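Given next, in structure tokens, is a single chain: the form predicted alone.
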């Protein structure tokens, strides 16, 4: 597939009577099909003291239903020579399968069955089992993982208590421990409904028969009630915050986090380019200064985290032995101020833009990535074929915009997190 064809996809989008959005992207040059469904629910749809439900369902949706045994999804897809998975973020949950094209009906049946017939198969025993699984996952990936609590510490300080981005996607441990069956059922009935989902089918299929199959398997599922809307104010910090957290780590690490703008906002793409200029590659501002020249850091990275309700710009750097985190912080701000005061070179800007664009185009060589990206665009923009306009955002970024955007956000109050070794010297 050429770059031009990737960026100009032909598709059909329509709705079933129950509100399910369907997007069909046909490419009969392929031997496979991809089925990708997004539910417009993530951890942001939870409430204080009842967190972790969206991530729980990433597990529960593979635990069988009225018609499918536990772990049946994995077995049926893998026996057909396919692969499958799911993921949860603060804004959405997705499930996806890639299969030989003659197994399209199997994938549609499996996805429709857990949408329409999961609750009859949801028992207290299954909930207790998956509750334990999630609690163990939290222990292994967060609490017992070096630097594993960094993200939730940052965001619980960047956003005020009760803000939908202030808790981790996996949920707080105390909330996970008290999951109740009725609460779990009600969360499912509210959000895992056809009028809160978009189904993308991509690859080698015949359109008319695929529409018949979609109607056959999804058309009879009853729509849910209206989805509760999330309303939040734009967040700012009145003053910078410093948090020190002792952890079982060998080397200290510093994180800096600023409020920025949300996904696909006017500044979103510019902030991506700014992060490339600052930390991507050995010639980037942060890396060259901290790692190569001064040799005070093991690593350094930065990125714009773009979400539906808000955005954040994050910088992280691990110190070399014996180096104070305040020294690294000082150099980070020296490089930020240097960029704002002295600008960037044209070749530096071009290199950063080319890096973003080439990575993006390369990622779209796989059918499952294309279908997921179509769902991504549909979720944020309402237009599944936003590939060209998305790339155009990066191609049009100017050096002046990078400088003004850095000045606009990175001179504001921020959250500073120090993760330090849990030793007697630090007590």
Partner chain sequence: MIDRSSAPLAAKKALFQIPQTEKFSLENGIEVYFTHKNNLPIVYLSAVTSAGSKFDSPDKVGTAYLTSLLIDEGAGEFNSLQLSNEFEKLGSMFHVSANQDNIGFSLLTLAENFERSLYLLGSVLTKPRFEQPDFDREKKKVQDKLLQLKDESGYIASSVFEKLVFRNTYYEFPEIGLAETVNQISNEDVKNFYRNGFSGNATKFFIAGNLDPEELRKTLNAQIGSWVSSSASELAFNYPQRSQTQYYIVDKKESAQSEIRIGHISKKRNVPDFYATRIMNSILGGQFSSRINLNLREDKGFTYGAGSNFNYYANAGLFEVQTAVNLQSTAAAVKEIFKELNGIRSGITEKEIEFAKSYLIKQYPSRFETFSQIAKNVESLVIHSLPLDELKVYEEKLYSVTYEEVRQSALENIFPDEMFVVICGEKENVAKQLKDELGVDAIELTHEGNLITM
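Residue numbers count along the first chain shown, from 1. Because the structure is a prediction, the values reported are computed rather than measured.
There is also a form predicted together with the partner chain; it is not shown, and the following applies to it.
Residue contact check for residue 365: one or more of its heavy atoms lie within 4.5 Å of the partner chain in the predicted bound form. Taking the partner from the other structure, the partner chain in the predicted bound form has no heavy atom within 4.5 Å of any heavy atom of residue 267.
Taking non-hydrogen atoms only, residue 67 approaches the partner chain to within 4.5 angstroms in the predicted bound form. Among heavy atoms of residue 137, some come within 4.5 Å of the partner chain in the predicted bound form. Here the chain stands alone, but in the predicted bound form its contact with the partner chain, taken as any heavy atom within 4.5 Å, falls in 346 to 354 among 304 to 312, 346 to 354, 184 to 192, 332 to 340. For the candidate set 240, 144, 226, 124, a heavy atom within 4.5 Å of the partner chain in the predicted bound form is found for exactly one residue, namely 144. Among the residues 51, 373, 386, 63, the one placing a heavy atom within 4.5 Å of the partner chain in the predicted bound form is 63.
Residues 12, 207 and 404 are none of them found to lie within 4.5 Å of the partner chain in the predicted bound form, as judged by heavy atom distances.
If you take 94 to 118 and check each residue for a heavy atom within 4.5 Å of the partner chain in the predicted bound form, you get 100, 101, 102, 103, 105, 106, 109, 112, 113, 117, in sequence order.
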